Structures are given as C-alpha cells and as structure tokens.
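Presented below, as structure tokens, is a lone chain in the form predicted alone.
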C-alpha cells in the first residue's frame, strides 16, 4: 500500500500536466484520472504522452481549422481513442465545429468509445467499426491520424488518407512485419543488410517507413520524419507528418522506383496506391 501511494500523483500534480482548457472530466471518462482528480504514475505518463502529441500536431490542426469551416478528422485504428477523444475536446468541442470519425476493428473497443462520447456529449464524433481498408468513410478528409496501427493497418490508413485528399497526415507506425517477410526471399541487392532474422526485422521496419514517406511524397505530400521525444518507454518512436501540397511528385516517384530496383520488394501499400493512380 505504501509503494502504491508513493507512485500515485495528487490532483495538483495532474493539473500541472494539463493543456490550457483541458478538462479533468474527459480524462476521468477515459479512466486516466480518479474521482478525486489524482492519477497513477502510469496514467500520468499516458496523459503527458497524449498532450505531447497534441502539441506536435497543433500546427496541422490550426491550418485545418483556419481553412475549412467544417473540417473532417480521421482517427484510424482508434483503439480506446485516448488521443482521439482528447483531440476532440481540445479542438472540435472548443471550436464548436468539425467532425471526428474514429475507425476501430474490434467491436468491444468501438462500443467503448461510443459510450464515452455519449457520456461526454461529444455528438460530432462518429465511431465506425471495421477494417480501415474496407469501411465506408467520408469522401473528403482534412486531417488523418494513425497512432500505433499495427503492421499494414498503418498502410491502410495512409491509403485512405491519400484517397480522401487529406490535407495533413500524422502516422506513428507500430509493429511492421510485411516487408520483413518479403525480404526473407530476396537474394538480390545488398542482401547482407537483411540476411539474419534480427537484421531483417529491424531493417524491414526501417525500409517500411522509408517507403511510406516516399509514397506520400510521390502523391504530393511534403513530409517530416521525427522522433516522438518524451515517449522513452516505447520503441515505436517514429512520427511521419505529411502536408498535402500537390497531387504528384515526379522526383519522389523516381526515388521510389530506384529504391525498389535496388531492393526488390513490393508491399501492399504500393499496389493499393497504384490502383488509385
């Protein structure tokens, strides 16, 4: 009991972590803050992670809300939607406009998010249950988020963002196994880079994100790849930010083709995007 008490934070410490205008009520509905306003060390760390991410994507959201009267935001692979619900409160609820569409494949999690949204009165939040690649979504989006969508779910989110001409994209990839599987049978190119299983897994994850970045650039996005500083507990620490500035980039397409010639793999993402071209 003493150990648990030392690890918990009092309401004042939690308040010191919150963004301007952020309510404890939403965090309580998410199960991160107690009825008295305190939080466990793990929950407090999660709150700091959420707010750190909200700061990182704030410039994109400021641009979206400045240019569109009723912006449409996608949250792909929403899970428990910690970030989506916090984003809704900080932007859509405060602005009194816009719409968030959260996509989650697991019915029990999708219903949980619906219940929390109903409890908080977040009536501009729609939860869609199903696989990202298959669900019906609005034709146009202005911001697309995918936080730790596993393996090709990140690619599905990227494809849906491109199809919806999303003004901004924010991707934090999770486990990435598809390219590693493809590399296993490749004996051409600099195969010493992926000959061993450990290297194949690590190099495959890196190559996956390089291909994602080039694919976004080829479809008219200006990208930034950075580290999620402050998320030390997670090995999945790469953030890919994209801003749509055109419809096609020949230079990025040439770079992508050259890379695929050197390392002959073709993940699902590239065929899915090619089908839309």
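Residue numbers count along the first chain shown, from 1. What you see is a predicted model; the values in this text were computed from it and never measured.
The discussion below concerns the form predicted in complex with a small molecule, not included here.
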property	result
Exercise: residue 120 in contact with the small molecule in the predicted bound form, heavy atom 4.5 Å	no
Distance check, residue 148 to the small molecule in the predicted bound form, heavy atom within 4.5 Å	yes
4.5 Å heavy atom contact, residue 153 to the small molecule in the predicted bound form	yes
Distance check, residue 73 to the small molecule in the predicted bound form, heavy atom within 4.5 Å	no
Which of 75-83, 199-207, 112-120, 178-186 sits within 4.5 Å of the small molecule in the predicted bound form, heavy atom basis	75-83
141, 127, 159, 132 - the one with a heavy atom within 4.5 Å of the small molecule in the predicted bound form	132
Proximity to the small molecule in the predicted bound form, single hit among 165, 195, 106, 94 (heavy atom within 4.5 Å)	106
